[in-house]
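In the block that follows, a single chain appears as structure tokens, in the form predicted alone.
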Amino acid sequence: MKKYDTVIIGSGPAGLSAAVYLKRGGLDVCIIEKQGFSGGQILLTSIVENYLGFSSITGDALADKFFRQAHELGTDFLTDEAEKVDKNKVILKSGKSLLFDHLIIATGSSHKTLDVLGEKEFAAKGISYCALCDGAIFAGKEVIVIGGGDTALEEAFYLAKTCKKVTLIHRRSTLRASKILQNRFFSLNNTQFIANDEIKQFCGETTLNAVILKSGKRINTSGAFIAIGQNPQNNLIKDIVKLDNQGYIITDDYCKTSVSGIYAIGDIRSKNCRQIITAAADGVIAAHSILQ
């Protein structure tokens, strides 16, 4: 049973960033990644245009750069799934176990999906889950936003600044978003609200060009932003560390959880901004704390 100074679970921007700083600090580091490839949700983004140093880069290319840097520094990568954390030990699905002095949870969160026809096919090909990440691609075009909460209204308002038209689609008659966000949305002259309807199918050839609603209505659109919430990937650790009311891991300013020696970074951490650059920053902060 091998022991590492630090075991990191998850190899998105947060986990890879932590590995780079820890390896440069001389520690023995292992990243556990169940997917067999690194990058996390960057891999769902066709073009990244808001990461410092790159005016435009594909999600795949940026993820590859992150991975290569961590790999070239000597980080061990293990394709396996962590099933249990027991004191200073991670038990893996394969039956193996790893010992650690420090554990970093970088399991991220996953966007809730609609699970309708065409959603998987057009992901990153017209379908997005983040207006801040991908909105600029659709400047001057007509787009739709699916959802009725604060996030959906914030996405719609952000998109309305640059898009020709933004249509908000919600399955209920009333929105759940705060009144101030609703007032802001309805005050715009390039927005539309469709209530009591849902997406039945996403349509297109190589990229999205329309959606069909359950009512039978067809809406031509260049982009669709799904904003119905996220699922924090907390199953491994939810009974060990403190979580907020949405299931994200609570940490202090140093990314320390309620349990000594365990850190949480990236999208799994309770915070108000989830972007590539903030995930990478979390990795730096946790690594710096461990190295002190």
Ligand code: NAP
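Residue numbers here begin at 1 and follow the sequence given. Everything numeric in this text was worked out from a predicted model, so none of it was measured.
Another form exists, predicted together with the ligand; not displayed. Remarks below refer to it.
Look at 47 to 55, 224 to 232, 65 to 73, 261 to 269: in the predicted complex, residues with non-hydrogen atoms within 4.5 angstroms of the ligand sit in 224 to 232. Scanning 172, 89, 93, 217 against the ligand in the predicted complex with a 4.5 Å heavy atom cut-off leaves one residue, 172. A single residue from the set 80, 119, 154, 142 has any heavy atom within 4.5 angstroms of the ligand in the predicted complex; that residue is 154. In the predicted complex, residue 150 approaches the ligand with a heavy atom inside 4.5 Å. In the predicted complex, at least one heavy atom of residue 114 sits within 4.5 Å of the ligand. Among residues of the shown chain, residue 198 is one whose heavy atoms approach the ligand to within 4.5 Å in the predicted complex.
Though the partner is left out of this view, residue 84 does not reach within 4.5 Å of the ligand in the predicted complex, counting heavy atoms only.
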